[in-house]
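One chain follows as structure tokens, the form predicted alone.
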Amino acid sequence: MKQLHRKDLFGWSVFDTERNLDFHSVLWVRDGGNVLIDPLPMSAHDHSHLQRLGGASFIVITNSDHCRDAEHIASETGAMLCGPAAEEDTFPLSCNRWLYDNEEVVHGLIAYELDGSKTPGELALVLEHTTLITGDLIRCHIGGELCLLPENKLADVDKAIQSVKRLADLPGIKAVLTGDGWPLFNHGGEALHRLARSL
């Protein structure tokens, strides 16, 4: 895994040839149990690295299209699976916990429900007020510029736009770690505001 913009954050990626962009997963190393977000399959190297960093206690899945390798990794690590509450009745995995809007997943990590995306109640996560972690709705196909999921994939365009504007109104965002595309380690808040203004 690669260290990200903080000493306690790591990530690993898979290049998607159909879309010509990377899919990403995030690990937050913390006292009280590490958190994985939308975990992709791990190489033997990355799995060994995860074990050296203390394994995983929690896995957060932002939406049903990002289940990826969560169930397998949970079976290996004993991590608690956490999914979006709005998908509880149709989610493809059995989760130990369902996350609601403005809920603290663990201390310092807040979940926000996004309306209008391709799945109900897709989650975005804000880590210690400064790092936004997104699933599908907010992406970065061109380095440094955030974009929205294509309109034909959105369940409700107006609600999706309002969800983006709500996140842009959060104070203190510096980094944006997208599930799909480039990460923005600096000036993420400014890019988020640009996206909101363009919609």
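Computed from a prediction, not measured in an experiment: that's the story for all the values here. Throughout, we count residues from 1 along the sequence that is shown.
Not pictured, yet referred to below: the form predicted in complex with a further copy of the same chain.
In the model of the complex, none of the heavy atoms of residue 196 sits within 4.5 Å of a heavy atom of a further copy of the same chain. By the criterion of a heavy atom within 4.5 Å, residue 68 is excluded from the residues contacting a further copy of the same chain in the model of the complex. Contact annotation: residue 49 falls within 4.5 Å of a further copy of the same chain in the model of the complex, judged by heavy atom distances. For residue 145, a non-hydrogen atom is located within 4.5 Å of a further copy of the same chain in the model of the complex, even though that partner is not displayed. Contacts between 12-36 and a further copy of the same chain, taken as any heavy atom within 4.5 Å in the model of the complex, involve 15, 17, 20, 21, 22.
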